[in-house]
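Only one chain is included here, represented as structure tokens and corresponding to the form predicted on its own.
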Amino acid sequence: MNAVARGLTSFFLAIFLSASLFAQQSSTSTQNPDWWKNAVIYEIYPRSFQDSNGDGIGDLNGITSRLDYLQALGIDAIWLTPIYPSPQVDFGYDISDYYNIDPQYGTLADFDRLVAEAKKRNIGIIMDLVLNHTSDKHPWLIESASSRNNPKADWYMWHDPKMVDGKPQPPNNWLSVFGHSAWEWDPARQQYYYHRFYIQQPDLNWNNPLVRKAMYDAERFWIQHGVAGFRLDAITSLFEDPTFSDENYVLGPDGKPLINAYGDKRVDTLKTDNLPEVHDVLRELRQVADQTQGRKVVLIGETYLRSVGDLRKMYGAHNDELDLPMDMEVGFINRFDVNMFRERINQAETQINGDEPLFVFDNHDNIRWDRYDHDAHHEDAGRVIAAVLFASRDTAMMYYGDEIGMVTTPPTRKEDVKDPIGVTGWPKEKGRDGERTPMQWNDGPDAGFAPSGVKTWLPIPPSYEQINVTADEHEPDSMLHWYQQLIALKRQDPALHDGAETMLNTNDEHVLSWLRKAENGEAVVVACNFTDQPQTVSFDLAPQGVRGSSPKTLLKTPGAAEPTSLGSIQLGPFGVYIGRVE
């Protein structure tokens, strides 16, 4: 059998395994109460996935047109970044109406059609629910700002100024995540409002029970429209220290405050992030989700936390808060450090009370996986990242384009920047445009993202000529086929689907290895070379109660030698080996 035939066989095998597992499930994956455990969640940035109407902006109908592709990839759910009506200052995270769809993306009917078509393919739709803030153009803020005694006067975080030489100054030194003071003066109220993010994103007052009711009503609305769950944006930022005292400055080795990319003295966030009251809201959100009859509505949290202990608390003492708080400790190590990966994956296995970890390596807010890149072994470095994501005991969250190796393509000139972060922080902070470029479907005009000749909202990266779906579909050893095979194994193999996980060879400084062991005793070993030099690994699995000394290859880096014994497995530079123990 030649190389092309072998590649196509692997491709169709991946599709077959995924389809077989789908067939074993109930009529929709989200009707299975445990559908989210060990699942694969695919993040789509809607502006950048598929333009169906020729305006240069991706839309809901474009996503619907690509569902067959996503089904063949093997995913369980799609997370959509915000698609609500919005002035688009923060490209949807500044919401002006929680009960509709922004016309740029389509209509509510288009959304319902997407949900229905995805359901036919056993794919759930996860909405991004932004609870911390609204747009400053939201009717709630407009009313709240109109006076100090209107019905919504207390719906946002208003505060009196400090008076310095007779002039109003911000109440404290709190900073916006996006640079400069987190306080904006409002002349009508003669007060400041707090904004954790952009000026145009005023923070809601979650101490107000009417605010809570309004947001829980929005949650119910989208549940009624069939969503499989919610990704809760900035969920740890809902509350602020009621004393409104200054934060401490973050000091450098010389004892002076560090300076951020925007020229501000850096402060810590102990008074504005992850306050205990957040857990009350998480329990209430869970109660609303659990009122849904006949299906599980999953709650995912955007949880940048300080420790695994904080992560553990996000599940709730009685598993009554988040189903899947994002574990950023693994995917955002940002370098191939074997010891750190081993420690943090082991923490997720042993220190969160057996709950389901959610691993994520990149998303719309962070440089893509190529921050781990190694110039001489670009694709193999990407294969290592994918193997860690899909062969670990976790729910795996991936980002559109990961499966073809799309890379970060930042703007080279300030005048080309769309993201306000880049406008404010240039050149130290170039913004997030580089990881939000249009999906690369083929090597034709506009990479197949939009009709020919359309000016796309962000430029198509030059890499599209080589890195695109069509090219990968015809290349047996492509990144796309690697992803398809990994996902199929995660779904079909008992050990890799939900088997326990144990780190192996824990003194090895070069290769990250682990064992997955199913309840039926089946065992699978995974080995990932984190270096650009060949490595040899051997496994003694007797301490783990595993008999057998021969590996049956499930997946390995293209071109790697076939091992005959667990006593000697050869790994090329950034090589990966996954094998069943026999």
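Residues carry their position along the shown sequence, with the first being 1. Note that the structure is a prediction, hence the values are computed from the model and not measured.
The following text describes the form predicted in complex with 1-deoxynojirimycin (NOJ), which does not appear among the structures shown.
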Report task. Identify whether 1-deoxynojirimycin (NOJ) in the predicted bound form is within 4.5 Å of every residue in the set 93, 133 and 364, based on non-hydrogen atoms. Result -> yes
Query raised in the report: Heavy atom to heavy atom, is residue 197 within 4.5 Å of 1-deoxynojirimycin (NOJ) in the predicted bound form?
Result: yes
Query raised in the report: Heavy atom to heavy atom, is residue 481 within 4.5 Å of 1-deoxynojirimycin (NOJ) in the predicted bound form?
Result: no
Query raised in the report: Does residue 336 reach 1-deoxynojirimycin (NOJ) in the predicted bound form if we count a contact as any heavy atom within 4.5 Å?
Result: no
**Report entry** Any non-hydrogen atom of residue 233 within 4.5 angstroms of 1-deoxynojirimycin (NOJ) in the predicted bound form
**Finding:** yes
**Report entry** Interface segment, criterion being heavy atoms within 4.5 Å of 1-deoxynojirimycin (NOJ) in the predicted bound form, picked from 508-516, 445-453, 410-418, 197-205
**Finding:** 197-205
Query raised in the report: Among the candidate residues 490, 436, 368, 393, which is the single one with a non-hydrogen atom no more than 4.5 Å from 1-deoxynojirimycin (NOJ) in the predicted bound form?
Result: 436
Report summary line: Answer key, 1-deoxynojirimycin (NOJ) contact in the predicted bound form at 4.5 Å (heavy atoms) among 178, 399, 105, 239: the residue is 178
**Report entry** Partner contacts in the predicted bound form for 295-326 (non-hydrogen atom within 4.5 angstroms of 1-deoxynojirimycin (NOJ))
**Finding:** 302
